[in-house]
Each structure stands twice: as C-alpha cells, then as structure tokens.
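Presented as structure tokens, the chain that follows is alone, the form predicted on its own.
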C-alpha cells in the first residue's frame, strides 16, 4: 500500500515536469536566440554558451519600426474586445435568464465556423463599402470570433448565478436591467475578465485576418513577423526578437490575471 502511495506523487512530479519542459523549452530557446547572431543560432555548440547582443532588438525597434505595428495591435485588440463585451454580455444574460437554447446553439455554431472560409466574402464586402484596409474592417472581423466566445463564456457564468438575487433586487425597487447592472454584473467579474482576456489574446495573435484585410497603415504585429522572412533567407535573430516582443506582454498579462481565467472557465461546470 505504501508503494502505491509513493508511486502517485512520483508519477505526478514526472508528468508535471514533462508538461512544463514541453512548454518552457521552446519559449526559453526563443528568448536565448533573440540575443544571438544568426550564425550562433544555427550553431549547436553555442546553444547556451554565446556572446549576447542587442542587435536584434535594435533591428526590431529601429530598422523594422515595430511601434506602429504595436499601436495597431493594441487599437484593434482593445476595440474589438470592448465592443464585443458591450454587445455580448447583455446578450448572454438574456439568453441565460430566458433559457434561449436555440440562440445559444446558434452562437456556438458561429464560434466553430472556420473563419478562413469567410475571408473572401469579408474582403469583397469591405472593398465595396470602402472599408478595406481600415481599423473598422479588422475590428469587425475580429468580433466575429470574439463575440461568440464572450457570449458562450458569460452564458455559463450567468446560468450559475442564482436568479433569486435579481428577484430580491427587483422586490427592493430595481428594474430587471437595474438588477443586472448593479447585482449580476458586479458578481460576474471573473467571467468578464476571462472573456475579455481570451478575446484580446485572440486578436493580438491573429495573423490571417490582418494578412488579408489590413493595409500598410493598419498592419499588426503578427504581420510584422512576416517581414523577417524573405525569398532568399530568414533573419532568425530578428524573427526571435520580434517573437519575444509579441509573446512576452501577453504571457505576463495572462499570468497576472490567471486566477480570473481559471474561475471564469470553470464557472459553467458548476451548475446546480
């Protein structure tokens, strides 16, 4: 019996180590490579022993001028997330309180549609309306994915909250909308944080929409990565430095708010 009790902690430690190493090693290699020259990156002997350089970051923020791409990603990510929250949260509350199962199923169907199949129709519509290459076209395209995601997350969260709280607030004189605004919404902070974070991360990392729908003035960070790849060669050092620039802020942001993400994602599994 004691051997079985000892085997489980060992198995748990081994599996956790494998998972952590699988996730950490590629990121660690990317960070180290961002401080290497192209020759050092391709040399196995200089995997850990090398002369660090900041030339790649100078290329990223100097020659490549990443600041406009960074601003574009922030504007598009924040705008699409905020508008989706404004529309999606009340919609999820209505679906949850009035048990609109067909509507919620339709939201799920919209969530699983391959977005690449809609790129050509989107481009045609935006081109005909004069919106091609603008912030508006990218924000609307990102909302097609972020809005169903937010509705689906908040739907499970609202279904978990007791309706008695809203009914008690209405007895005290609040309208249904007032009860939603003052009671339900304030209790839904973990769900709101989860939906907003996941929506923003999707927008921040999206490549396909920006590749087709953006212009030279609205290109985002994932498109800027593509500039380090040419027909004849690849600037591995600049590519790794640019990848760190894109990845690190999102990782730090997710780690800071991870407790909200966990609470929000598990809310729908705790229905009474």
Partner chain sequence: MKLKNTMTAVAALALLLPVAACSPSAPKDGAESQTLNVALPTHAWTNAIKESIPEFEKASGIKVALTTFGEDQLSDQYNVKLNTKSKDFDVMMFRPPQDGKLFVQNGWLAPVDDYLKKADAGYKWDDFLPATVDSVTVDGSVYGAPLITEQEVLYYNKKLLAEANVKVPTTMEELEAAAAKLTDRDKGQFGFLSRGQLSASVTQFSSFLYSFGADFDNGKKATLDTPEAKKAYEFYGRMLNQYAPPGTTEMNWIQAMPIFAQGKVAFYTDVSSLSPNLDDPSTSTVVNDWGVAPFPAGPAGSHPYNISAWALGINAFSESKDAAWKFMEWATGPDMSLKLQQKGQSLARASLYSSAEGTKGFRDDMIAAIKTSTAPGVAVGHDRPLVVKVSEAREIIGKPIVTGIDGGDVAGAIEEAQTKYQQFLDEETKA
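Treat the numbers as computed from the prediction; the structure is a model and nothing was measured. Positions refer to the first chain, counted from 1.
Unshown form predicted in complex with its partner chain; subsequent notes refer to it.
- With the partner omitted from this view, the residue of 47, 54, 229, 28 that lies near its partner chain in the model of the complex is 229 [heavy atom within 4.5 Å].
- Though its partner chain is absent from this view, in the model of the complex it lies within 4.5 Å of a heavy atom of just one residue from 96, 107, 89, 139, which is 139.
- The candidate site formed by 42, 135 and 219 is fully in contact with its partner chain in the model of the complex, as each residue has a non-hydrogen atom within 4.5 angstroms of it.
- For the chain shown alone, residue 211 is a contact residue for its partner chain in the model of the complex, at least one non-hydrogen atom being within 4.5 angstroms.
- At least one heavy atom of residue 38 is located within 4.5 Å of its partner chain in the model of the complex.
- Remark: residue 144 does not count among the residues lining its partner chain in the model of the complex, judged by a heavy atom distance of 4.5 Å or less.
- Taking the partner from elsewhere, residue 83 is found to have a heavy atom lying within 4.5 Å of its partner chain in the model of the complex.
- Proximity to its partner chain in the model of the complex, taken as heavy atoms within 4.5 Å, picks out 122-130 from the listed stretches 164-172, 194-202, 151-159, 122-130.
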